[in-house]
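Okay, here we've got a single chain as structure tokens, the form predicted alone, with questions on binding and movement later.
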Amino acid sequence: MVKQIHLAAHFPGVNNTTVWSDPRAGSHIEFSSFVHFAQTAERAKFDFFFLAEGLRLREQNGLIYDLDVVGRPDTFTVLAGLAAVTTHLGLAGTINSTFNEPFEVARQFTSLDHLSGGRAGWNVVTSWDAFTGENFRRGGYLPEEQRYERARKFLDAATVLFDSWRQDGDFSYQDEFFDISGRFDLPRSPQGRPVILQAGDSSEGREFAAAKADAIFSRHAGLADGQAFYRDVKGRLAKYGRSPDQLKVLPAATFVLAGTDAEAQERAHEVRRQQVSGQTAIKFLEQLWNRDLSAYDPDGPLPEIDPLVGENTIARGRASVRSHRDPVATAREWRELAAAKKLSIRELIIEKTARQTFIGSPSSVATQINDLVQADASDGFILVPHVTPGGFDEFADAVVPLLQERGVFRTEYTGPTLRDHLGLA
């Protein structure tokens, strides 16, 4: 049976995915940018628009990180505004379970679902660092092993609230994290509850998604690693009485298009270099080395000294920092790669961080996307363009029609809600 492809549009926020030097690059905070981005995704019949969340500006060497200076508008404010200028597109946002409360979040998502006619989605995340927690009363008090447990209980409590209107709005929920009771003040929304998204890649994150989520984001966009992730996550569903089609696997993916595959490869090479300047390369290197490396030449060799092991004091508020479980071993691997390929610091960082998932002509990219979905490496992709807000225009006009011609992507929305778009009950 031919699978239908699911596509989502990720507004990339403030990071080095966006090519800031491109004359088409616009504001990441003006509402017009969000409108253009969302309306393009809706014109292309995408499942949903996705907005990530940033609760604190990242820092490096005690200063605001260069690529974070723009900040991030409030998620609910943006999504509620977009509900008024779109009619079918799902509207999903990341809302933290560590620093919020179930009643507040349930009320906000129920409101969004009503305002949008049933198009709300919630990416449930935890916060891992005390640095972000300094902005909140709770701070960073939760040990890492308790954060997913709180997220599970947070979602359980919110679900009681979503469902409480069936019992005339009365609710009561108690556990080790929450002790709440009262009366919910909104009727049940069109979807009943928002579509639940999850982005954790750890075993705890995958288990949480298998138990609770409707879709899981993934960083495994290749064939072999995508199939392995797909099998692992889908294989966890049965113990929770769920079938494989009740959880959609959506890896993050970027793309570069051109008239021919060769032209696209040249364009992708230039995009990579624009995404990682010499200054940006040094910043990335400092995050692993946990040292001030500003004196190093980005066009020169990697440092011979090893990273400082222990608490990272150079980069604060960056999730990528904690992904290096063994910084010394990672540095050794990077040196070996740089020596084998004769790479400078900048060239190595480009190699490690600035890759496009899909590169080619529109026909080639359509084939690549469809092949991965039909091979059960994913159920679709959450796409991130390198130009905001107009980065989806070319994809919408050139790639989507080819997928539609192949019968693997909708030509019209068949229902009003995000659950309809994702094929969820």
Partner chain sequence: MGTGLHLAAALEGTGWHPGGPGDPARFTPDYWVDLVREAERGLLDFVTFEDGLGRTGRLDSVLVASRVAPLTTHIGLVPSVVATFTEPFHLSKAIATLDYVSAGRAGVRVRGSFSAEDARHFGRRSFPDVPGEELLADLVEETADYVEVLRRLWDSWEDDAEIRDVATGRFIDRDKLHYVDFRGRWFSVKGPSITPRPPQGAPPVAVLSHSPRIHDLARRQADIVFSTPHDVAEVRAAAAELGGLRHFADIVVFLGGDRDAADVTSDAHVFTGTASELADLLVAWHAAGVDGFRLRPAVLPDDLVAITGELVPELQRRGAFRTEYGATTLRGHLGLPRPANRYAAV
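All of these numbers come straight from a predicted model, not from anything done at the bench. Residue numbers count along the first chain shown, from 1.
Quick note: we don't show the form predicted together with its partner chain, though the next part is all about it.
Highlighted residues Asp66, Asn100 and Gln279: every one comes within 4.5 Å of its partner chain in the model of the complex, counting any heavy atom. For Leu142, no non-hydrogen atom is located within 4.5 Å of its partner chain in the model of the complex, even though that partner is not displayed. Although the partner is absent here, Ser27 is a contact residue: one of its heavy atoms lies within 4.5 angstroms of its partner chain in the model of the complex. Heavy atoms of Trp20 reach within 4.5 Å of its partner chain in the model of the complex, making it an interface residue. The shortest heavy atom separation between Glu304 and its partner chain in the model of the complex exceeds 4.5 Å.
The partner is not drawn, yet in the model of the complex one stretch among 177 to 185, 212 to 220, 259 to 267, 330 to 338 has residues with heavy atoms inside 4.5 Å of its partner chain: 177 to 185. The listed set Asp297, Glu104, Glu351, Asp232 contains one residue whose heavy atoms approach its partner chain in the model of the complex to within 4.5 Å, identified as Glu104. Of the candidates Val78, Ile314, Leu343, Leu237, Val78 is the one whose heavy atoms come within 4.5 Å of its partner chain in the model of the complex; the others do not. Residues from 101 to 115 that approach its partner chain in the model of the complex with a non-hydrogen atom closer than or equal to 4.5 Å are Glu101, Phe103, Glu104, Arg107, Gln108, Ser111, Leu112, His114, Leu115, in the order they occur in the chain.
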